[in-house]
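Here we start with a single chain on its own, the form predicted on its own, put down as structure tokens.
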């Protein structure tokens, strides 16, 4: 029988900030989104103060000052490295791991003799080696493991681990009856409204629905969810490192801009990041999508959002070729005089390098250029991001995002290592 565990770090972003700043350990702390816009993470102390998730910080800054809440800009370099360390520990302790998000991983626990005891050991090792606390939910399906994780994190009685297989079905049904249907993995806000209108209000209500009827009304995805809630495994573990089918890079500007050079620089920056990820998985892309938009929340801005697709003559992983295509796409959709808020690129129709069908009339990537790209990637990996870069990335700095409260990159930058003075 399949057995899955979901390991989910508690208050991940906030905890990463506190690990390297012990003076903040018992203080309420929030982490902001790109450009210091909204609250995207809260420590347990901040949650206890009632600070809502995804709230604009300007609406709560005075409250935070009154209650001594520490405000931090997001530091994704630090969070990504801590996530990689967490994943490495999990891979050492379990042969099959799926990295579901930056702070969540599914583990295939089938065949382990005492799963609950081993889950407590996983928690202990994560706490000992990377100072991260986590909740672990265990079940015969990924959906039930996700629900069990919710219980493990919200009901302190279980000590951070809840194994659905250790308890009778009537107890699990009683727990499901306590939680709204919105707590089911994959049930979002809009779907919750539809389910509530049909009288499906709790997790147990959804479990008792007929899969066929659910499929007819809501589709096959929710049908699989219902089957998983009833113990039928429909979702397998996806192996770590599975190639992505699309690679996207986008970001809001620090301030709205009309400067075409600033937007070109941002587009080139996003292409450079996406191309590096493309080469990491040994793939090539056939299409480049380009997007620009104004701020939809500013009444004084003209609402404008455009996306265009630029096909390549041949599949490529060469940053220069992808940049040229992206800039050609930008030229198609850029309108002078507008105040732009965000831009982005997405690489599409991705395939492994060895699976590309050659074209008799079109060239392929120049092997010398590919060696140059590999050299750039290696230098940047060893000496730091953007140590070696295209000149187009330095056209303008006005697009850079706001990050006034960002902490140092303690684990990836020698210059940011904490210094301890001993007498």
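Numbering follows the first chain given and starts at 1. Bear in mind the structure is a predicted one, so any value in this text is a computation, not a measurement.
Beyond what is shown, the protein has a form predicted in complex with the DNA; the following relates to that form.
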Residue (of 323, 247, 284, 89) lying close to the DNA in the model of the complex, criterion heavy atoms within 4.5 Å: 247
Contact residue in the model of the complex, chosen from 179, 314, 100, 112 - any heavy atom within 4.5 Å of the DNA: 100
Segment that reaches the DNA in the model of the complex - one of 170 to 178, 340 to 348, 129 to 137, 113 to 121, heavy atoms within 4.5 Å: 340 to 348
Heavy atom distance at most 4.5 Å to the DNA in the model of the complex, all of 76, 186 and 297: yes
The DNA contact at residue 220 in the model of the complex, heavy atom, 4.5 Å: yes
The DNA contact in the model of the complex: residue 327, any heavy atom under 4.5 Å: no
Touches the DNA in the model of the complex: residue 72 (any heavy atom, 4.5 Å): no
Partner proximity in the model of the complex: residue 191 to the DNA, non-hydrogen atom cutoff 4.5 Å: yes
Residues in 3 to 33 with any heavy atom within 4.5 Å of the DNA in the model of the complex: 33
